[in-house]
Structures are given as structure tokens and as C-alpha cells.
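Shown here is one chain on its own, the form predicted alone, set out as C-alpha cells.
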């Protein structure tokens, strides 16, 4: 008996199922012959393949969409990693990448890049007096002006704080100087912050790359030239030269030496008397720091205080001055003839005022020496007293609560006005020497100083005149109602031993 012939549809069914199982979801098995069970199975397999193909296609689209989203997110993360968030300029990392590329191009025979590094000349004062919101606005305006000044292919970067850089690819010294001069003009224009119009200006260091230059060397040398430009205290451009690098190394050495000077007591205090004008009685002293350098001799404050402020060493230096001044005051309190309310004036910097440790330092020193808080007078500038910083306000309020007296130094050189003076949390105002130079010979100046004194007294504050150099100035100030003064007429700053002799003589 012959077997029944096999249905050819079964072979087609098996082959179709194998192809579908291998991933060929476009496979469809032909439906032929009678509408029996085999045809029903084939139709079911085909429907399943349709569903699988639709599901797989949707999955592929989802994967492609998610991949595109991840790729876009990665691009955005990379952009953010290379962008300064405040100004939307390139950041230091992005600048270094661009420099690295251009230096490699120069090694292959292209023209070298030029780098301009700059910072704003008066930015710190803007932050101190107008607040950090105003400072951010200045940085954003500066960034926009820099971008508008250079070519599309140039890289403009913010390196941090108020420091910016411009990289000019395939450049030379003449072209770089021209760009630097355009930047000086652009950044020298005024900026309106609310009702206040300010002019920052900038100092620019310029360095054109040379064969063998690394990115770090190029940035460091342009930065060195910028600091040399800044030292000229005007908006200018300085091209790097090796002598500048030597000067910067000396500055680095001086920073190390200054730290050592604080640790090994190379610093010394000189004291200038503050006198009661009516009687000539010494009612206090101002502590003025000097550096007894082992090789360079006695250095004046302007030779190291700016360096201490720039590097943050001023915190440790100021703490040393405070402790030594209070220790010296405690020693003098036991001298015969020293008045009961004899006070010590100590200057503080903006950096110290913004330190959260200031109040605790003062409290600690007063407790260690047993000095009454009212005998310590802390001198600060008008701009410091007027700063909108929350930390500054915290420090001033905390010092007042300790019982320490606060004094505005150099009154008349900054933002002096009735509204400002009434709002300041101070006890004493020190009238700047520039306001009293003509006293005794200039009637107009006498009227002006009289008005200033009336203003100070009307605000419930005491007045001290500094820079008194003649008997005529002292006599006129006394007649005008100024009770205290200091200056070369009464005595120059002297070491503690000489000041003690002044106290003994009364």
C-alpha cells in the first residue's frame, strides 16, 4: 500500500517558521490550497509575524529615539563642561583644548596662536560697594563686549573671577596688539548698573607662542605679563618678556618669606599717637605693621600688604597684628600716667571683614589679654562699611555687640554723604589728611571742614583728624570742635619702646 503524498504546504510552513525564528520577521507563508487546519496554522503564523514585526519596529524606533536623546544629553553635558555658566563663554578647560590644537598646528608649520589674559581693574571695589549682583552684571557685559570685539574664530574664555582670556589662532605680535587695543577701548566704556555709572578698564598681558611652548607655559607667561600690566595701575597692555618671569618668581619667593615672617615673628608693630587736641594728652595709638626682613631691612606696609591681600595671607597677618597690638596695650595699661580710656586702633582689610572667623578671633584675643572691648577701635574704609555683603554685615554687627568700636578711615575720599554717614554702623570717623591740608591758610577749606565736622557730630559720631603736620592745623581743628587728631606734628610711627617713653612723659 503506497503512503499518502506529503502536503507541500507543510514544508513551506516549517521553512517559514525557521526563517521567522532566525529573525526574518518580514517572512510570510503563502496561503494556498483548501481552507483546512494547515491553512489556519499558516494564517496564524503570518498574523504572529505581523505582530512581531510591528513590535520590533516600535522597539527599534524607541531605541533610536533614546539613543538620540542620550547623544544630545552627552553633547549638552560636554558643552556645559566647557562653558562658563555665568557668561556662556568658554571656560579654562575649553581654552586649554583650543590652545593645544593651535600649538599642534603651529608645530606643523602654521602661524602660532597669541594669547591675551586680562582682568578688570576695579572689580573688587564694585563687589564691595554695589554687591555681587552688580558684579555679575559687569562680568556679563564684559563677556559680551569681548565677543563683539574679536573674530568668530577666536576663543573668548572666562578663567574665573574677573579674569578673562582671548586666544587668537594663527596670529602674530602686530595683530595681537591691535586686538588688545580694541579690547582696551571696548572695556574702557562705562557700564550702567541701575542709577550708577561705572568704568572698570582692564589690564592685558600678551604672549605669542613660540616653538616648543606648552599650554601651561603659554598661559603662565601671558598671566605674568598681565600682572605686570596691572602693576602700572592703568588700563594698558604688557607683552611678556623673560624679566617679568623673574620678577614673578621673586614675588613667589616673597610669599613664602611672608608666611615664614608671620610664623617666626619677623613682623613688628610701630605706633603713632592719637592725641586730645585741647590738652595734647595721648589718648590712644594706631598700630602699624612693619616687616623686619632679614636681608632687605625694614619694609613698609605698601611693600607687602597688597601681596598678603592677593594671596589670603592677610587673614593670618591681621590676626597677628591684633594679638600683638592688644598684648602691647595690656602692657602699657600699667604705665603711670596712661589714661584710663587709652585705646588702640587696628586696621582690617576687606578679606578679614569677610572672614567668618573675625569675630571669634577678636573675642579670643580680648579674653586672652583681658582688654576691655571698648578700648579696641577697628578701622575700616568707607567702601567696606557700605558693602552689601551679608558676611560683612554679620561681622560689623558682631563686633558692635562685642563692644568694639568701629572707625571709618580716610573719610572724605570715597562715598561720603549725609545719607551714607547716617547708615554706617560706626562710632568714630577719621577725616582724611587731604581735607585739612589748607587749614590755617585757606578760609574756604576752614568752612568746608567745619561743615564736615558738623555733619559727623550731627550723626552722633566722634571725629578724629589725621595727617596733622602744623600747629596752625591743630589749632584750627580745635577751634572748629574736633577733639582728637594724629599726624607728624604730634609724632611719627615709632617702635613700642619709644612710644612707651612718650607715654611716660605724658
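Treat the numbers as computed from the prediction; the structure is a model and nothing was measured. Residue numbers count along the first chain shown, from 1.
As for the form predicted together with a small molecule, it is not shown, yet the points below apply to it.
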Quiz item: Do all of 288, 301 and 379 end up near the small molecule in the predicted complex, with near meaning a heavy atom within 4.5 Å?
Solution: yes
Self-check item: Residue (of 348, 275, 94, 200) lying close to the small molecule in the predicted complex, criterion heavy atoms within 4.5 Å
Solution: 348
Quiz item: From the list 344, 321, 98, 371, which entry has a heavy atom within 4.5 Å of the small molecule in the predicted complex?
Solution: 321
Self-check item: Residue contact check: residue 16 to the small molecule in the predicted complex, 4.5 Å heavy atom
Solution: no
Quiz item: Does the small molecule get within 4.5 angstroms of any non-hydrogen atom of residue 314 in the predicted complex?
Solution: yes
Quiz item: Is residue 409 a contact residue for the small molecule in the predicted complex, using a 4.5 Å heavy atom cut-off?
Solution: yes
Self-check item: Heavy atom of residue 283 within 4.5 Å of the small molecule in the predicted complex
Solution: no
Quiz item: Which of 25-33, 42-50, 450-458, 468-476 has heavy atoms within 4.5 Å of the small molecule in the predicted complex?
Solution: 468-476
